[in-house]
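Before any questions on how it binds or moves, here is one chain, the form predicted alone, in structure tokens.
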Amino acid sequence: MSERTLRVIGLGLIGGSLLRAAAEAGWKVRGMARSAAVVTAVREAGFDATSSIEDALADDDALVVLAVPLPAVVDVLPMVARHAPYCRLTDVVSVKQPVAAAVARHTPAARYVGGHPMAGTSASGWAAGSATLFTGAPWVVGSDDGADPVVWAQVAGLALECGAHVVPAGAADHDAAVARVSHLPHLLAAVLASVGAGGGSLATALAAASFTDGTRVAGSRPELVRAMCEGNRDALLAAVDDALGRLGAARGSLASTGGLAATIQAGHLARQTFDRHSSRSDTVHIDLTAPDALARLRDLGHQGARVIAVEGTSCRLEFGS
């Protein structure tokens, strides 16, 4: 088994960065992109690349990574099923439940463990990628019941070698969480940018860090933002309702008393939780072949634990910094 052979399907920002990072970590990598120009650029950078998915999937022992936008997943999976039906498969798509459902429908024999590195920039494409993109970033590794422990360990190991820390989570929990901390921010950034632009040239001239920080992701390619937000519709609706309720309360307070203390203070305290490390500092060892391993991983992920090492079919998690 070629346990350190990687095939990356899609060489945009995330896929291209993964190709670079995995190569630096000693993996034997090959990328696939439909664009001849991208394939040429990848080869000129010293990497193995092809425009043929059949060629990319020729090695049955490789770990295959889907690094395409969500709408393209259903186009790629039938080709994976045709050329590598029993492959070890993961992905880096920002929504997990739709991908898992598509895999079950189109490539049911694949040994699939979902993944999602929480890293990126407002830029896109191969040229925007970097081998250090994942350094220090959370990387979700899907931990729903039925996941193959060998593939789980390999996906988690890949994430760790790329510089990320691994967060175990189920697909539904992942989608609910990223709706609040990734997809809603994209939507709010779009609204904030539009409101700012509505102020005309003076507002544009006065825009400083608070505005530019809040609207940074509005510079992302609209079709990519639409794909991830619309693909997580139900969870995003719940997050939008929460945000609208809080904005409504702020408006009501501002209109009636002129005060915003409750909203500002709640936000300030909430933001501090993202800078505060867990008070726990213990480590936990999990045998991935144990019957309750995945349930334990999900529970520990909920508690803020992260995987720091994978050894065979066991892993070590830690709390705290």
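Superpose the two forms; the largest set of C-alphas matching within 1.5 Å is the rigid core. The first residue of the sequence shown is number 1, and the count goes up from there. Given the structure is predicted, the values throughout are model-derived calculations rather than measurements.
Heads up, the form predicted together with a further copy of the same chain isn't pictured, but that's what we're talking about next.
A.B. asks: Name the single residue among S124, Q97, Q154, T215 that comes within 4.5 Å of a further copy of the same chain in the predicted bound form, judging by heavy atoms.
C.D. replies: Filtering the options by heavy-atom distance leaves T215.
A.B. asks: Could you work out which of A101, A72, A128, L192 is the residue within 4.5 angstroms of a further copy of the same chain in the predicted bound form, going by heavy atoms?
C.D. replies: By the 4.5 Å heavy-atom cutoff, the listed residue in contact is L192.
A.B. asks: With the cut-off set at 4.5 Å between non-hydrogen atoms, does T132 touch a further copy of the same chain in the predicted bound form?
C.D. replies: The answer is no: T132 has no heavy atom within 4.5 Å of a further copy of the same chain.
A.B. asks: A45: heavy atom within 4.5 Å of a further copy of the same chain in the predicted bound form?
C.D. replies: No, A45 is distant from the partner.
A.B. asks: In the predicted bound form, does G26 come within 4.5 Å of a further copy of the same chain, counting heavy atoms only?
C.D. replies: No - in the predicted bound form, heavy atoms of G26 and a further copy of the same chain never come within 4.5 Å of each other.
A.B. asks: Decide whether R88 counts as a contact residue for a further copy of the same chain in the predicted bound form under a heavy atom distance cut-off of 4.5 Å.
C.D. replies: No, R88 sits far enough from a further copy of the same chain in the predicted bound form that none of its heavy atoms falls within 4.5 Å.
A.B. asks: Among 247-255, 72-80, 106-114, 142-150, mark the stretch whose residues have heavy atoms within 4.5 Å of a further copy of the same chain in the predicted bound form.
C.D. replies: In short, 247-255.
A.B. asks: Sequence order please: the residues of 251-270 with a heavy atom within 4.5 Å of a further copy of the same chain in the predicted bound form.
C.D. replies: The stretch touches the partner through R251, L254, A255, S256, T257, G258, G259, L260, A261, T263, I264, Q265, A266, G267, H268, A270.
A.B. asks: Comparing between this form and the one not shown on the rigid core, is the C-alpha shift at G196 2 Å or larger?
C.D. replies: Indeed, G196 is displaced by 2 Å or more.
A.B. asks: Examine A270 after superposing the rigid core and state whether its CA is displaced by 2 Å or more between this form and the one not shown.
C.D. replies: Yes, A270 moves 2 Å or more.
A.B. asks: Superposing on the rigid core, is the CA of Q154 displaced by 2 Å or more between this form and the one not shown?
C.D. replies: No.
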